[in-house]
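Okay, here we've got a single chain as structure tokens, the form predicted alone, with questions on binding and movement later.
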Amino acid sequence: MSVQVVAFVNHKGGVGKTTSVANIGAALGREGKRVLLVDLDPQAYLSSAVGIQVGEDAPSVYEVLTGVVAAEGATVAPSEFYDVLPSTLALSRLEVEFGAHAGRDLLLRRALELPREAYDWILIDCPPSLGMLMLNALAAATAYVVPVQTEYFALRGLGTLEEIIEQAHDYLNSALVPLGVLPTLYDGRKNQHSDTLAELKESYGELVLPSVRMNVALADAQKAGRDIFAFRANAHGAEDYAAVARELLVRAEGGA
């Protein structure tokens, strides 16, 4: 199987992008895959969620995208199961600094050329926006996953997101394909959640991945700077993300 570079995208915040990248990455690593997580959010939530605090003089994804260091020079290994290309607030300057640059949307694709040879899976945590950083992720990716909170208002705006993805496919990356729509923060006891999940399945069919249930252990794990498997392996969150990872493996290998 060739390397899978997967962008986790949704311009709405609070839908579980960071949680999903961290824990799907950890699950894939436990399946024997070589995994790199890329934190493409200036708020650096993914980096914090896996226990990484980038020092003032340490390189981050910003230095990689601006050509100061190669990706391997900024990569950190907080776990035996995955590596991380961490972020800092400096990344927020990128759009201003490269605003008129002809290749501004291809910075990440170029930066990942060598790492693609060292990993089986590269998962990209995108910021909650439709700007340059998301376009960089879509230009670099082979596929994308859309995490969606299972509440009515979370479905609003998905049409706009689909338009941006379609434009990225047409103008930046014709190889980009959907790998899944991921229902998150699901509580089957609530009618709104069940109705939203049913609507997702009606709209996206087999693209809908196994649901991730609402689980306080997932938030506690992030606060502790650990993935859910290292924090509490018997939690519902670990069970659910393991199921998602297994399904992604099947789809990537052509079984779905």
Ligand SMILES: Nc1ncnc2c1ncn2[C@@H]1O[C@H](COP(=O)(O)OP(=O)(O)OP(=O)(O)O)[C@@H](O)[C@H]1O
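These numbers come from a predicted model, not from an experiment. Numbers for residues come from their place in the sequence shown, where the first is 1.
Another form exists, predicted together with the named molecule; not displayed. Remarks below refer to it.
With the partner removed from view, the residue among 226, 193, 30, 213 that has a non-hydrogen atom within 4.5 Å of the named molecule in the predicted complex turns out to be 213.
Checked against the named molecule in the predicted complex, the residues 64, 218, 50, 36 give one hit for a heavy atom within 4.5 Å, which is 218. Judged by heavy atoms within 4.5 Å of the named molecule in the predicted complex, the contact stretch among the candidates 41 to 49, 54 to 62, 202 to 210, 227 to 235 is 41 to 49. The closest heavy atom approach of residue 178 to the named molecule in the predicted complex falls outside 4.5 Å. At a distance threshold of 4.5 angstroms between non-hydrogen atoms, residue 185 is in contact with the named molecule in the predicted complex. The closest heavy atom approach of residue 157 to the named molecule in the predicted complex falls outside 4.5 Å. Taking the partner from elsewhere, residue 128 is found to have a heavy atom lying within 4.5 Å of the named molecule in the predicted complex. In the predicted complex, the named molecule lies within 4.5 angstroms of at least one heavy atom of each of the following residues of 3 to 41: 12, 13, 14, 15, 16, 17, 18, 19, 41, in sequence order.
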